[in-house]
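Two versions of one and the same chain are coming, encoded as structure tokens; call them structure 1 and structure 2.
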Structure 1
């Protein structure tokens, strides 16, 4: 069943002449993990805002078309109602930390407190999410005493603990090292396996190739590709629109040009596929 249904979505920010999003239409099934890729300015963040109602409610731009999330029309549903269904993790965790709490534990509890969740229910939810995101050891520290990467995990935990049906992430690993990035992707994948729908705007294509069910590529506010990672991430359109490809695809393309890649074999997007291809050539 589709939890997201977007039809002919176009969005202009105030005092701009070119739309940030142009005539987007697609659906996302419940429990699907969809990565959104594109160069800077392609419209990734704006799509995240449209899915969670920040566009047009917060940014006050001009929107046409329709965005339905769990049956709610985001243009006509108040933000406070949408937040119970769709959670947004910003690229900069400083934009998400409330500043109203002294410890990480209290910060993660903040949203549940506002909803009136009983403490007996709240504590195990917080403990589980802190363990999932690897921040249990930071429970009694100030959110502002953490590194940028650690703050991003706190921001992620504060949304996950609310158990939204849809999790929307705007480049959540931008401040994380490779180990931290993998941990975040694995956490998000685990939540997806439990039934949470995930939309993630992301630049790190190797992680996208490994964890996403589907990839949507944007350029100039339009969808140029929409399909499985193996199909989208090997398309020459990604080079044409300055998005790039995974290092494994790039190396295999060079080998293919030098006739060092099996001609019948598809280009790889992850390391296992690249290794198998080069082993097959040796045979």
Structure 2
């Protein structure tokens, strides 16, 4: 069943003539992990905001077409209700810490308090999410005393505890070091494996290739590719639109040009495929 159904979505930020999103149409099935890739300014963040209702409710602007999330029309549903079905985590971990709470445990409870969840119900939910995101040890620490990766996991836990049906991530690791990025990706993967629908805008194509069920590539606010990672991430259109390729695809392409890659074999997007390709050539 489709949890997201976007039909002819076009969106302009206020006082702009160029649309940030242009005639987008696609669907996402429940439990799918969809990665959104694109160069800076391609519309990835705007798509994340449109899926969570921030565009147009928060940013205003002009929107045409329809975005249905779990059956709710984002244009006609208040943000407060949309937050219950679609959770948003974005780039800067520090700015997602509310500032209203002094410990990680209280920080995670903040969303539940705002939703009016009874305290007795809060604690088991918080404990479960903290264990899932691996932050149980930080429960009594200040959220500001944590590393970027740890803060981002707190931000993730703070959204997940509200039990949304859909998790929207806007470049969640762009400001993190490799260790922090790995911690966050592993947490997202764990959520996806539990059946949560995930939409993640991301630049790190190796991670996209590893995790995503499907990849949507954007350029100038339009969808240029939409399909399985192996198909989208090896498309020449990615180079044309300055999105890049995984390092494995790049190396294999070069090897192909020098007849060092098996001609019948598809280009790799993950390390295992690259290794298998080079081994097959060697044989």
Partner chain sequence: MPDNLSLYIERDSPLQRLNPLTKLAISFSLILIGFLGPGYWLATLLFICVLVPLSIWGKIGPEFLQRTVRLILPLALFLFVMQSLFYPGGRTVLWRFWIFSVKLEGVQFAYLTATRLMNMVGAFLLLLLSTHPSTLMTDLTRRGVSPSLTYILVSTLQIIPQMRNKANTIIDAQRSRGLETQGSVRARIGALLPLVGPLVFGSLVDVEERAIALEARAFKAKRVKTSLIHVPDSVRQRQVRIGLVVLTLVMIGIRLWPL
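Since we're looking at a predicted model, the values are computed, not measured. By rigid core we mean the largest C-alpha set that fits within 1.5 Å across both forms. Residue numbers count along the first chain shown, from 1.
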Structure, 1 versus 2, that is the form predicted together with the partner chain: 2
C-alpha of residue 78 off by 2 Å or more between the two structures on rigid core: no
C-alpha of residue 115 off by 2 Å or more between the two structures on rigid core: yes
